[in-house]
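Before any questions on binding or motion, here is one chain by itself as structure tokens, the form predicted on its own.
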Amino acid sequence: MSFGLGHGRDLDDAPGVVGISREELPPLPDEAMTNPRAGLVDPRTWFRDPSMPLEIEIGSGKGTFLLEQAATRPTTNYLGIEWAREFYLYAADRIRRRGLPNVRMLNADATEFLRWRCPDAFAGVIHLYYSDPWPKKRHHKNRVVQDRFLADAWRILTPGGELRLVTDHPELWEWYEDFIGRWTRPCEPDAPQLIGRPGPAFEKRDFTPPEWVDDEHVIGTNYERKTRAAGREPRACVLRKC
């Protein structure tokens, strides 16, 4: 079974072609180290209608959120990024079988993809739900939310765009809150250097669940249902680009 882009085939003629493997991305040129824009690609061109608004989900897992969200909002394109190849293939197959033309899956490291591949101001929302907490202190460097990630998210979001965060891990939430506090304060010392402008990068707002989620859940995935049943309550917020 093929999940590739089809190497130039018309997406309208290949509705099952939903995945982009690491190998299908063009190589990152050497000059990207001195010119970060040298390796940029435009993910909007991967969709049947590139003119529609685009949203990104980091860590899509088995694709449950994307399946529901994309079916509810057919006039928005959704790019799911998943590092684990087996989950990427599973999610891509689910999307293929549902026949959703507004979803694509990418098998890649999301933080590296945002850093080196994404153009400025092209995504309206970044969804980051139940990210790996990497609980051991020596592994904290692997957590998605870092200063560099927040700077990259700010850059690729459209004006007023949103970074939406959900976790059920108390210590990771404390980690989030520390970064959120720094990046929503007017005088954060790192933000001006990383984003090239003074003042706060984001405004913190309350999280509103998608319209298809029932009143008892936040994003309505199977993982959330299992963890809530086990007594692990989610915490969530939205960072709106200033």
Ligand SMILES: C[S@@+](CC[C@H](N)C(=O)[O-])C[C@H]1O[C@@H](n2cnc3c(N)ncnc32)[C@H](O)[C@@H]1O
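Just count from 1 along the sequence shown to find any residue number. Keep in mind that what you see is a predicted model, and the values were worked out from it rather than measured.
Omitted here: the form predicted together with the ligand. The next part is about that form.
Figure note: of the listed segments 83 to 91, 69 to 77, 150 to 158, 115 to 123, the one touching the ligand in the predicted bound form, with heavy atoms no more than 4.5 Å away, is 83 to 91. Contact check at 4.5 Å (heavy atoms) against the ligand in the predicted bound form: none of Gln146, Phe207 and Leu239 pass. Using a 4.5 angstroms threshold between heavy atoms, Asn102 stays clear of the ligand in the predicted bound form.
Interface residue remark: Ile95 is not counted as part of the site for the ligand in the predicted bound form, having no heavy atom within 4.5 Å. Although the partner is absent here, Leu163 sits far enough away that none of its heavy atoms falls within 4.5 Å of the ligand in the predicted bound form. Residue contact check for Ala108: one or more of its heavy atoms lie within 4.5 Å of the ligand in the predicted bound form. In the predicted bound form, the ligand lies within 4.5 angstroms of at least one heavy atom of each of the following residues of 210 to 242: Thr221, Asn222, Tyr223, in sequence order.
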